[in-house]
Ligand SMILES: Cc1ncc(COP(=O)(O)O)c(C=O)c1O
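This document opens with one chain alone, in structure tokens, the form predicted alone.
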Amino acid sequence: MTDTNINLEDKANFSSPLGARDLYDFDEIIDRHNTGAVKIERCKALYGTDDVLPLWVADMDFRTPDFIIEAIRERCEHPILGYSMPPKEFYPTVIEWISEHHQWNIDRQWIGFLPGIVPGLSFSVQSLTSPGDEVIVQPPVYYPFFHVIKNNNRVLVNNPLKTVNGKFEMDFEDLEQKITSKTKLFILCSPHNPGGKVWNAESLKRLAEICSKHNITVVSDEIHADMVLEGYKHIPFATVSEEAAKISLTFMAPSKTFNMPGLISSSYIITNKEIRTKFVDFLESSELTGGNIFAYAATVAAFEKGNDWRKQMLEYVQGNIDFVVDFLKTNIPQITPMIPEASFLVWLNCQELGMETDDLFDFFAQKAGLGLNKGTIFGPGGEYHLRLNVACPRSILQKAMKQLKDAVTAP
């Protein structure tokens, strides 16, 4: 049912949003079996079968850009892969990219290498709070947020998002009611995962005002910052006000945007010296300040050469989102997608299918042959929802939607 081998005649009938001006082929189908891909290797354990189209893990099925592969290949031509420092162009390249794309002028002393954003969240919890302290998140939200709090013996506090006109909004009244003298940290997802919400300046300023008033530090996960879709603009939390800059840590990375998450290359940006010292002291005491030589080379290549690829990828992803939205509206109106403003993740409200969340998850896997994320792993508000990754060739997505339609309409 879920064979991804699509003949050339069928593939020719699938439209591409880039047409004749293609420089990069996002329609290419690449077999990821036998590469250790998480989205393939864990299907049996998650869905009870390998016979699903895996549309769950938040990486892309597009070829990692050639300029990144070439940068790694070039480094491999040297016969010694020894201990390495970041190349001299590493931080200037990252700083220039952030300045150009997000209008944030960063001092070199504010920024450092981070071995992954999720580890960075854990480091923040460990370095800036104590066991028993409260940490606030805004569910439904990326589920490792919960793990780094609970696994470090801190107290999880949920400040659920509201859905207003089909989009997530922050609930500031609920937030102020949840804050106590033990609340020390707030983890922000910006842009939001799984909802694809790009927070506006007004919301971010209000959040900064509340957290500053209560001496709460904000950790802003901005891994999807460079994947904002047409018509929207990412605003780094630390730039919205002096208050925001003084109370925050920002984490950014090229990994999602350029499909290189396996290289583990991220950066922290912290303007407040006191917060920066606590955080960096923790990294240094744990020997966690260094990266690997391929992460350095790939990051420089991505930010120096990748903007055109990024634009074309986002245009293709937007076409995939439009296809899913139109298909569901026409063929399966019981499923309502939250239309993302950033990234390639679509949050599906399946409540009108009349099933509980666990049954929905099983129905998609067993009847439709689709492996998606179960909404409840994202916390309160995830009931009756599933998360769909549309960063794949259009032909795969069309196959997935057809399988879903056939399953829903089956007698």
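Since this is a predicted model, take the numbers as computed values, not measurements. The first residue of the shown sequence is 1; numbering continues from there.
Although it is not shown, the form predicted in complex with the ligand is what the next lines describe.
Among heavy atoms of residue 365, none comes within 4.5 Å of the ligand in the predicted bound form. Mapping the unseen interface onto this chain, residue 266 counts among the residues with a heavy atom inside 4.5 Å of the ligand in the predicted bound form. The ligand is not shown here, but in the predicted bound form it comes within 4.5 Å of a heavy atom of residue 193.
In the predicted bound form, the ligand lies farther than 4.5 Å from every heavy atom of residue 139.
For the options 135, 223, 207, 98, the residue carrying a heavy atom within 4.5 angstroms of the ligand in the predicted bound form is 223. For the options 280, 314, 332, 118, the one in contact with the ligand in the predicted bound form, meaning a heavy atom within 4.5 Å, is 118. With the ligand left out of view, the stretch that reaches within 4.5 Å of it through heavy atoms in the predicted bound form is, among 89-97, 271-279, 109-117, 301-309, 109-117. For the stretch 40-60, the set of residues having any non-hydrogen atom within 4.5 angstroms of the ligand in the predicted bound form comprises only 58.
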